[in-house]
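Next comes just one chain, in structure tokens: the form predicted on its own.
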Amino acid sequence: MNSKLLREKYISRAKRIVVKIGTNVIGGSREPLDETRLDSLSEQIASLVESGIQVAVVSSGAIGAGMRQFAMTTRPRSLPHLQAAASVGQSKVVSCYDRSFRKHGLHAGQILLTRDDFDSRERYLNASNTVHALFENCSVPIINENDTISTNEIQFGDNDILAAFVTHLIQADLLILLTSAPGLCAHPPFSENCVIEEKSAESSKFGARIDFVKCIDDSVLALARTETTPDGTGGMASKLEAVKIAVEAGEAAVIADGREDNILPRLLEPRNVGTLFLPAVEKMGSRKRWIRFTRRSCGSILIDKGAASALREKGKSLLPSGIISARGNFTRGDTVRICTEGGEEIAKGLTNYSAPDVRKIKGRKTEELEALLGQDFFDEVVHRDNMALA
């Protein structure tokens, strides 16, 4: 594979981009924000917009900015103090973006999201419509988790994952994760799915930068460094998880150093900077992405080998006859994991039945359902149109 051709194909031709900017990129050492770098990134984004590219920004930095406003030296542990830091810091972050974008005739449009906004199909589509309306009105969406009201999102959430979800939300062509590392780096031996061009084999404290990754497997995930910084919550592991969400749905992704001069124009030219992750061959539709990656599961259905083969190889719906058991307390319309008896997830889908009803009809033939449930029944437990394979 030729690196330059791959970068031209997947990066230079992108017309809609999600750029995630990490806390370590725009966080100031003493001041709430490094406004010089934020101005530079805003100018770079404005140049992309001027060239006809739609750009949505997922920006971290709110909690870090709030911490510095409060003169905190370590990240708070208690939820109320985290929420207070986010509240103060978020206004600082958005006002800085807006001031920077106004120099280029653009507005900053703030969008704060919670995990629940992605579970609800209606709210999910409303958020998507808002982003597209901002694009039409000379605005750059500045997106963040709504940390002031979130609970698990602050403790376990991460803006890398949010950026991947936003990539699906607006069907972007490319996800760019800007961090404080030059890309995905490693020391030998390297995974067979990682390609290091001779000209890009420069070493750093992280190791040699990988030019592009063909497929994210366990050996690639094992390259992730686990440490995080005092202000941030992520690390390379969360970035690879986010990248995997994007590329498996058919979109390319890049991890690059957001502190490098003119990093975004250089990526789009394209220069050999950062690490490019190649997308899956087939693009997944919007609804299937929402089911597979975004909506949380409420339980699981275990199926036999015959049903697994029918789903994987023949594109069939899930019928009661192939079901072994149901786990959890899901209701009709919830998202469930569909797994083999050994626990391997092969799909996710929207169930037509509650967990108690699935347990009642498991292993039964379709013609037996009316006698078991009355007239209110479906032939399929999960219809193939409401299912996305893993």
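None of the values given here were measured: they were computed from a predicted structure. The first residue of the shown sequence is 1; numbering continues from there.
The next section is about a form of this same protein that is not shown, the form predicted in complex with a small molecule.
- Tell me, please, which stretch of 262-270, 140-148, 101-109, 308-316 lies within 4.5 angstroms of the small molecule in the predicted complex when heavy atoms are compared? Selected stretch: 140-148.
- May I ask you to check whether N159 falls inside a 4.5 Å heavy atom distance of the small molecule in the predicted complex? Residue-level check for N159: yes, a contact with the small molecule.
- Heavy atom of T351 within 4.5 Å of the small molecule in the predicted complex: Judged by the heavy-atom cut-off of 4.5 Å, T351 is well away from the small molecule in the predicted complex.
- Message: I'd like to know if I338 sits close to the small molecule in the predicted complex, meaning any non-hydrogen atom pair within 4.5 angstroms.
- Response: Looking in the predicted complex, residue contacts with the small molecule do not include I338, since no heavy atom lies within 4.5 Å.
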